[in-house]
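The structure tokens that follow cover one protein chain in two forms, given apart as structure 1 and structure 2.
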Structure 1
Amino acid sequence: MKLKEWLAPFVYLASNWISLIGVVLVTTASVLWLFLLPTSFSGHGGDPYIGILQFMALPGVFFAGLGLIPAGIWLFKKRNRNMLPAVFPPLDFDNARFRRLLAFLGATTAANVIIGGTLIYKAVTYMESVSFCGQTCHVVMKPEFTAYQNSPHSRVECVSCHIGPGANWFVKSKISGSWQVISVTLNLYPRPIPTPIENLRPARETCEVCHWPQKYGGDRIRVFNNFSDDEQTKRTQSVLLMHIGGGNGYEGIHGAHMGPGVQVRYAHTDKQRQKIPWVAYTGRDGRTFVFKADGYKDDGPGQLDVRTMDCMDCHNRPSHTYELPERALNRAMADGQMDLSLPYVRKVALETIKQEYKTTEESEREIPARFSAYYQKNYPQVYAGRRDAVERSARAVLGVYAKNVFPEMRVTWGAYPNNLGHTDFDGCFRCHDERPSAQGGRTIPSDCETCHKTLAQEEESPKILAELGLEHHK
């Protein structure tokens, strides 16, 4: 039997709209797959959205089309059982039905390839954008998006950290995101949104791509500003010499925790890893010391989750940091956003932003009004003569609140612990609490000089800054 005679029944029976749609889907998916094929051989895996097209979307379209072809043939044959010809028309251009079929397939496939390719390209580009992650799709992530915009990583795209390269990580994130979409649609999502700490990518795949872990950081100066609540605001400064260390050296914070041959493992009792009763420290000499918090009875971690320490255990909010009101105000005042000559400016600002506001709209209305009202009532001459300064400071106070508190999402002051340091949250002291080792002879120190040296403590004009030429350092 000739090939044309063998194919004729299939072509005839496939000339129904269901099978034709299936053929178009198959050919369109095949052509688009060919377009994307070079990325598989080039080893380029930095774009997870290309992976979703290659390994999820296009196969789905392809197999859906394959299923429609026989489904359409079966339905057409069933409906026209008594109308089928004894001899099927030949497959040549004299057959009008065959010509129409080819013309339809050619036109629709070409159109689909052009339109689909353009849309897919635009979709991939848009899904990579920060606006998609922070505004369009993830409206409930407004707090995280706001914090991200004010972070040192505001130029780093969300997908660079939250979604790994290739289809594997993308599929994981979108499977998890499927429930998030349902939660948002049905208003089932928790408030505030919990930090997905268990699903974060390893630091070696995110932080260490840019931050070279073998780089020796040495010592660095940190200046902390504090402002008084007095009528005439005074600024004091604390200056610390931070022993960053790291690299191939053993000294400093990074060297002690992540230096060559060093491994720190810990067990935590809560999902946010804030309660750490068990720590195992392996040093460069290969010796391991186990430290247990007071009241912890087990010899080992028991049934607790055990994790090997990496960057994210201290730098747990590198791009989504929320400050406490005192620190946030200090930063705004140090940056010159508020007029420090206004009487009791910090005290009034602090009392204003610590009030409870039910909605963002209410806070935007009430915070500037309450701040200005204080001066209208208590210092009418100041308000009359320096109204611009009062209103500018009021806007700055609102800005401090708006960056850190989101009433609709129940994100209040201190909702998200920041483990970097130990002044605002437990941070370092989750482990560094002088707990002894089971073997004896060692403790996890809590002495201030372990990680930094205090060069000045709450001084109005620290001498050390003048000696270093940093007297204007903020």
Structure 2
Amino acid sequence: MKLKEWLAPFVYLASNWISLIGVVLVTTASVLWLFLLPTSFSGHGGDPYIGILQFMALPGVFFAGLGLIPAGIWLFKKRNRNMLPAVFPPLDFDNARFRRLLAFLGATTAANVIIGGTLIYKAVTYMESVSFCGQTCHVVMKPEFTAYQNSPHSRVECVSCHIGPGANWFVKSKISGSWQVISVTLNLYPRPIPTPIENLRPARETCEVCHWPQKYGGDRIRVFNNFSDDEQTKRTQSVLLMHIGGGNGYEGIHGAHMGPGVQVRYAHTDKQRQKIPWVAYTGRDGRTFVFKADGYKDDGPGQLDVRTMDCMDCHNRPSHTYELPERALNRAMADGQMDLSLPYVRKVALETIKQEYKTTEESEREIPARFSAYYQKNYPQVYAGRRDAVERSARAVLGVYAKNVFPEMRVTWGAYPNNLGHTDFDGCFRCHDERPSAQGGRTIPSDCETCHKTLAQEEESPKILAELGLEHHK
């Protein structure tokens, strides 16, 4: 009885439009929030942007509603200062006014929940799709989306690597995802998007959903094509037998860093983790060796950031694989996208794509025009006779540029180093530079046979490919 009496004036005063809207907002937000709650615990991948709803939009509605209630009461009191009843109508179901109020609140809340629930369901399904991640923030994500479409992971959803399974990371990524969307909306994000991503989920939990360590193993033949810049383009090939190793053992590249019990920790002086002066290696016998770069004085990592090596330290570009101009052109030429019989085709292409273009639009206009203009001016007969070949090649040259350079996001050649290898970026040689261990007796080796057997290096027709029946290998 006490409570009812105490509440009566409150209910009376709150029966104004502003407060009622507030009450309905509060109830709607609460019910919808409860509906969404299970998605946080289901462990299902999902999308960080749902977090905007759950952790920002709905709480926002809730608190806005909560604010409207006293605001309405205050306004109502101010306006009706002299007309407030001495005794407030009682809160029981004989009171028609109170019945109407409850019915009104019930009906509007139910309607809101149905409408809001449908909208949220639609939004959630949409936001889980690749097209949302890659295209909604079109300009921002264009570099990653484009590179992704040309990668071996083009059929793997963004969320498989960026979130992975489990409730804990789902909520974490939702909160950081919410912030990302806000920074995009308010134009606060840095260009290019910095890498590495802070707080990316540990690779072993995401990558190993699909690539389990027992599977990758053994040696693998890799063929690298290179084309010359001469008047008559020549192709040379390098053939490597990569010692990928792994399995459950300690063999090869994977086994050496990822074998059972093996741990490699390292300290880096730059954010991109390209300069590594200190490495600690713990082997399967539990003994630890420390390797220091030339000139590094400390015994420990000192103030530097330390990281435990995982898949991402080598495969940092599994999906957003940008290339340097030479490598990207080699690939397009090996794929037959360009006419190799055009004189100086690679040289002209290289010069064209290495120019700076201020916008994508400018590059789309200028690159094909410049490439064609070269032949028009210097080889008018070639241009006249084989215009098709020139124009087809010009389009391929633009394609190479468009896959790797995004002027609007300030992603230029080499903005995102690839750590797999050592020819384009330091990669493996960040550590593998013969630095000795502090205890003596071992080094991080850089001998050319450590990681791959070089079966052919820059040869025009490698004998090994003929022997394997792969001479037409691209």
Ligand code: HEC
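Note that the rigid core is defined as the largest set of C-alphas that superpose within 1.5 Å between two forms. Residue indices: 1-based, along structure 1. What you see is a predicted model; the values in this text were computed from it and never measured.
- Structure 1, not structure 2, represents the form predicted on its own.
- With the core held fixed between structure 1 and structure 2, residue 23 has its Cα displaced by at least 2 Å.
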